[in-house]
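The form predicted alone is given below as one chain in structure tokens.
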């Protein structure tokens, strides 16, 4: 099979296919149809900005996976996948956004041609890239098949990273350090937020030394002042002002692998309540890292952090982290385990998380986070090297 420009060696993809097939067998799935572009890339190496049209990967219990999508994008599949050309299938452009025909009709014919018209077919129903219309057309076109939900089946196989993947995440972490340091250095009263974000983008795409930067799955989140009480605001053309905190939620990206990192800048003298909250947050982060050990559970990390906050009189709800790795917009999380009280996923060496113990208070926000790696022994390793503190610029 040709390696083409796929980022990993063939044995890495063989390992991934074997893991996925084992999960398919356990779930009683004979054909898996993967639409999540992160899962497509993880299985085949496909990398293109084409996830706005219907595309996916078919995996059966034997032979190569099959990449399926728009014909013009099949050319990109030939350039980026490790698959043979015979395993790459494209549909005509008259299927795109048509009211007369639907790409799923073409996919159904492909499945029938494989002799899988009566198979148990798994699809990713809870997914940004698989629409209700797609599901309706596919099931109608395959009346004898049993179409079942296989959401996150591949995602769970991605949870423990290989050494090759960890190497990519470490490279992304080097870029994350650069973009966060750029944001901190450039932040000043009078600087327009969009100009600052332009500097952040430039730093992220130029990368570090020979580590070139890819586009992150989430754009820079850079709210200031009261806007920073909300978690997911981006930027505008307003100038940064004195006596306001701005948090920067950013990530470097290398060959689609991420290492998110957040830091907060205060322009002026921070209020006493923010300084006290920072100390509680930093103590909680240390406790969470200490609990992030192989054999413990994801909830142990969350409990260690929130127990410290409670001791300091701070109430915080919601999860405080999630697994990261290979991803495409609109999210750099893997959508499996969560760092929260009710999640009891057992931690294993090679798992990577964005430990996200942010605080969003009534009038300000404070984000100090780390990408962490679960190791063979001892507490988790923080992969980025940027001072863990509130950055004050008086």
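Positions refer to the first chain, counted from 1. None of the values given here were measured: they were computed from a predicted structure.
Note that the form predicted in complex with a further copy of the same chain isn't included here; everything after this is about it.
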What stretch, of 110-118, 201-209, 294-302, 158-166, brings heavy atoms to within 4.5 Å of a further copy of the same chain in the predicted bound form?
201-209
Is there a heavy atom of residue 63 lying 4.5 Å or less from a heavy atom of a further copy of the same chain in the predicted bound form?
no
With the partner left out of view, is residue 232 within 4.5 angstroms of a further copy of the same chain in the predicted bound form by any non-hydrogen atom?
yes
Give a yes/no on whether residue 28 approaches a further copy of the same chain to within 4.5 Å in the predicted bound form, heavy atoms considered.
no
Would residue 132 sit within 4.5 Å of a further copy of the same chain in the predicted bound form, counting heavy atoms only?
yes
Taking 4.5 Å between heavy atoms as the contact cutoff, choose which of 190, 237, 143, 313 touches a further copy of the same chain in the predicted bound form.
237
Of 283, 136, 185, 276, which residue is found within 4.5 angstroms of a further copy of the same chain in the predicted bound form when only non-hydrogen atoms are counted?
136
Which residues from 55-85 come close to a further copy of the same chain in the predicted bound form, meaning a heavy atom within 4.5 Å?
70, 72, 73, 75, 76, 79, 80
